[in-house]
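As a starting point, one isolated chain is supplied in structure tokens, in the form predicted alone.
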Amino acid sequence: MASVTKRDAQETLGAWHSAASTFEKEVAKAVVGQERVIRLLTVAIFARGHVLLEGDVGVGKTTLLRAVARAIGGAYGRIEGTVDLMPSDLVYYTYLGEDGRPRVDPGPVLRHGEALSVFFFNEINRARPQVHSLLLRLMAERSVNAFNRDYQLPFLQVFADRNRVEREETFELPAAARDRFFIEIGVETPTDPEIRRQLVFDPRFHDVDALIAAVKEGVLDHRELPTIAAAIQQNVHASPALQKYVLDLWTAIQKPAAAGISLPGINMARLIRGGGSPRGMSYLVRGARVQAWLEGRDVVVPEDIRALFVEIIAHRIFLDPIYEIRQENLTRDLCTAIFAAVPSP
């Protein structure tokens, strides 16, 4: 019976592997030159993790997330981050009806009930910390309390974006909220000359709505994603050597000086204020299993870990205040130095 169950799981995962490939191709119809970003999003979707996109203004973050939502299927909710946004705006809104009497309707989180599969928070860093607190529960528990009851959202994935340019009237996400994001993905302007020419001169890329409409709807059945995600985790394995490698990486993150890691001009003994939560390291392994599966393997290799390490772990490394202004560059340099110092199996 066990062998039949395993064979059935392999056949199911094989069919879903084809669907994942189709998903990536469909999303790529709306955005060009972002193959790695699309792959990272696919990993997050099959790992059931929430996603934060970061990039300059106008690089296509919103277009990308709209394409992802269409290809996933299910109900779609969206809210715009503003400085005056209140936590209640996520769950309900009030207005005067035609008869002049007050009305209360469900907000974007509750409007579709359990069918909500994608909730997009645009310009999340414009929202105040009170809003982030409600979002934290939504992400952690896939539930929210409103109208004196709890609403369960079993298929929900949160996608948020922020631009790195504007700092006025913005609020930094607290560490707890950032840690709830499975992955932080940087979206950069493509550098390939032909892709840049297409983006500027091809009229196809001037009509975002038409681009999104060209994406096939419901390539992935959002209702099946939690089951498939669990099957991937159960059927893609990590060897004892790979497990030791990940644990050694974790130790090096927390105590780089003890691991023999040095960076020019940096006091390594005081660099790390906090490094790599248990949740973050488990997310890394979860993502690596999905990456292995997407590559057609049932075993994780070191390359799977390295492919996701920066995007999943870097935003979970907190530096001493004297180094915070150089956070982004230092964490990337640290990740590179860790890979050089920790032997790969």
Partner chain sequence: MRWAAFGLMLFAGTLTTADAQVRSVKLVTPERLFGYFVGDVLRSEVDVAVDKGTVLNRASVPAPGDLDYWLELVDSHVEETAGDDTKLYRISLAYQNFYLALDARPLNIPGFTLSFTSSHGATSVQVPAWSFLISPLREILPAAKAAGADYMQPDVKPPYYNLLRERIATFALFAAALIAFGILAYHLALWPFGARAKRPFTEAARRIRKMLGAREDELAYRDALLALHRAVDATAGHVVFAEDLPQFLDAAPMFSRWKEEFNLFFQSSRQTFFADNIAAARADLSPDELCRFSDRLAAAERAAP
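Everything quoted here is computed from the prediction, not taken from an experiment. Positions refer to the first chain, counted from 1.
Only in words, not in the display: the form predicted in complex with its partner chain, which the text now covers.
J.: To verify the annotation, which of these, Val300, Val59, Leu41, Leu284, has a non-hydrogen atom within 4.5 Å of its partner chain in the predicted complex?
T.: By the 4.5 Å criterion, the partner-contacting residue is Val300.
J.: Is Tyr76 part of the interface with its partner chain in the predicted complex - any heavy atom within 4.5 Å?
T.: Result no; Tyr76 lies far from its partner chain in the predicted complex.
J.: Within 4.5 Å, heavy atoms only: does Pro240 come near its partner chain in the predicted complex?
T.: So Pro240 counts as contacting its partner chain.
J.: May I ask you to state whether Arg306 is within 4.5 Å of its partner chain in the predicted complex, using heavy atom distances?
T.: Yes, contact at 4.5 Å.
J.: In the predicted complex, does Tyr245 have a heavy atom within 4.5 Å of its partner chain?
T.: Because a heavy atom of Tyr245 falls inside 4.5 Å of its partner chain in the predicted complex, the answer is yes.
J.: Looking at 316 to 324, 48 to 56, 291 to 299, 31 to 39, which one sits within 4.5 Å of its partner chain in the predicted complex if you count heavy atoms only?
T.: Looking at the partner contacts, the answer comes out as 291 to 299.
J.: Could you pull out the residues of 320 to 342 that have any heavy atom within 4.5 Å of its partner chain in the predicted complex?
T.: Counting only heavy atoms within 4.5 Å of its partner chain in the predicted complex, the contacting residues of 320 to 342 are Phe339, Ala340, Ala341, Val342.
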